[in-house]
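Next up: a single chain in structure tokens, the form predicted on its own.
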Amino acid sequence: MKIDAIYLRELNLPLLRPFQTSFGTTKDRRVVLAEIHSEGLIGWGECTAGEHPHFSEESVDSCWNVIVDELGPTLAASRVENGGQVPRIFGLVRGNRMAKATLENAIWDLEAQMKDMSLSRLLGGVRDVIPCGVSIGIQTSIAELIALIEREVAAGYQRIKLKCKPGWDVEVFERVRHRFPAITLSCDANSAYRLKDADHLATFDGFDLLMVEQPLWYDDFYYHSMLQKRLDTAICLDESIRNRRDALAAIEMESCRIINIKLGRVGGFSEAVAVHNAAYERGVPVWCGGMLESGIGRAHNIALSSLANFSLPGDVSASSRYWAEDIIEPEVTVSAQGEISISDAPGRGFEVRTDLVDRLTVRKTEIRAHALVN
């Protein structure tokens, strides 16, 4: 494909309600979008980095800079045939996986449109619908949390994930389990605990949790392996899994029994599919985590979740949980059964509301080639 233009823009999107984790509270999202024009078509990518380098070493501003200065010009000068080539094109730039995913995913979107097939089908998806769960942040009170869970259960969501941290865990789980004895429940610590907390974490076994997500250090396999031996509950790794090699190491070391795949965290669709395949071949289930994406990133998560081994409900929920108005149409909706239907339209399956994108854009730049890459 011949790349005619690459545009990078930042949008300011206010969340409907604050979202609190062990990192802090997010009230508004600075969303970076890549818009790649080729042969009369437009592919869209979304950067999932946060406003600060808390979840990972990347942030909105670091991604903007590396895309404008390094990745964008390199891609613009390259001969690209398909999305799977993009990791090689970016090979000289180490790390910066969320920045890379922003552009790579837009190329996959373009490729699917050019081949007149859905992004789901291009990736190898096999599902017509995907099961959905929700992630609920830390609240000001347990009563407020219970009320939110009641609403999400009534909406049909198949799994409730609670953010937790020291001081917001056991009492919360006790109250939630007492009120909802039968729901599928998990928790996500975002690395808030240490191995010295192993005895405390072992008490989580009493709450019939589907998984405990990333309880220890964000870059660790070894101590998670030690902790998993202490727990009956499955550990799920998120931040620790950056690529297929990490997934293989974690599985071999028995550091986890479940893996969360996030497109930005692993660098885009190519590596996400590779992680999926490695886990699938070894009988380890995966699911798709969320990063407070707008509709573009959400559409990409839906396509990824259609692959065979995404057997657990992910964090891909309805647009209306986060935004008063999403930047895609139709907006993402969830059925009463807690499922999202997979679109068979070419590309990502959702139209971008360019009028709304333009209105929300706070900065925009065109990226031009500065060197030829063979």
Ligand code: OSB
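Bear in mind the structure is a predicted one, so any value in this text is a computation, not a measurement. We number the residues from 1 along the sequence you see.
The form predicted in complex with the ligand is left out here; the points below concern that form.
message: Contact with the ligand in the predicted complex for Asp109, defined as at least one heavy atom pair within 4.5 Å: yes or no?
response: Output for Asp109 is no: heavy atoms all beyond 4.5 Å of the ligand.
4.5 angstroms heavy atom contact with the ligand in the predicted complex for Glu35: It does not: once the ligand is placed as it appears in the predicted complex, Glu35 has no heavy atom within 4.5 Å of it.
Met291: touches the ligand in the predicted complex, heavy atom cutoff 4.5 angstroms: Answer yes; at least one heavy atom of Met291 falls within 4.5 Å of the ligand in the predicted complex.
task: Please run the contact check for Asp169 against the ligand in the predicted complex: heavy atoms, 4.5 angstroms, yes or no?
output: Outside the cut-off, so no.
- prompt: Has each of Ser186, Phe204 and Arg257 got a heavy atom lying within 4.5 angstroms of the ligand in the predicted complex?
  reply: Per the other structure, none of Ser186, Phe204 and Arg257 touch the ligand.
message: I need to confirm a contact call. Of Ser118, Thr233, Thr74, Ser135, which residue comes within 4.5 Å of the ligand in the predicted complex, counting heavy atoms only?
response: If I apply the 4.5 Å criterion carefully, the residue I get is Ser135.
- request: Report the residue, out of Asn190, Gln113, Ser270, Ser240, that has at least one non-hydrogen atom within 4.5 angstroms of the ligand in the predicted complex.
  value: Checking each option against the ligand in the predicted complex, the one that comes within 4.5 Å is Asn190.
field: Segment that reaches the ligand in the predicted complex - one of 196-204, 177-185, 143-151, 291-299, heavy atoms within 4.5 Å
entry: Only one stretch passes the 4.5 Å heavy-atom test: 291-299.
query: Does any residue in 28-58 get within 4.5 Å of the ligand in the predicted complex, counting heavy atoms only, and if so which ones?
result: Counting only heavy atoms within 4.5 Å of the ligand in the predicted complex, the single contacting residue of 28-58 is Phe55.
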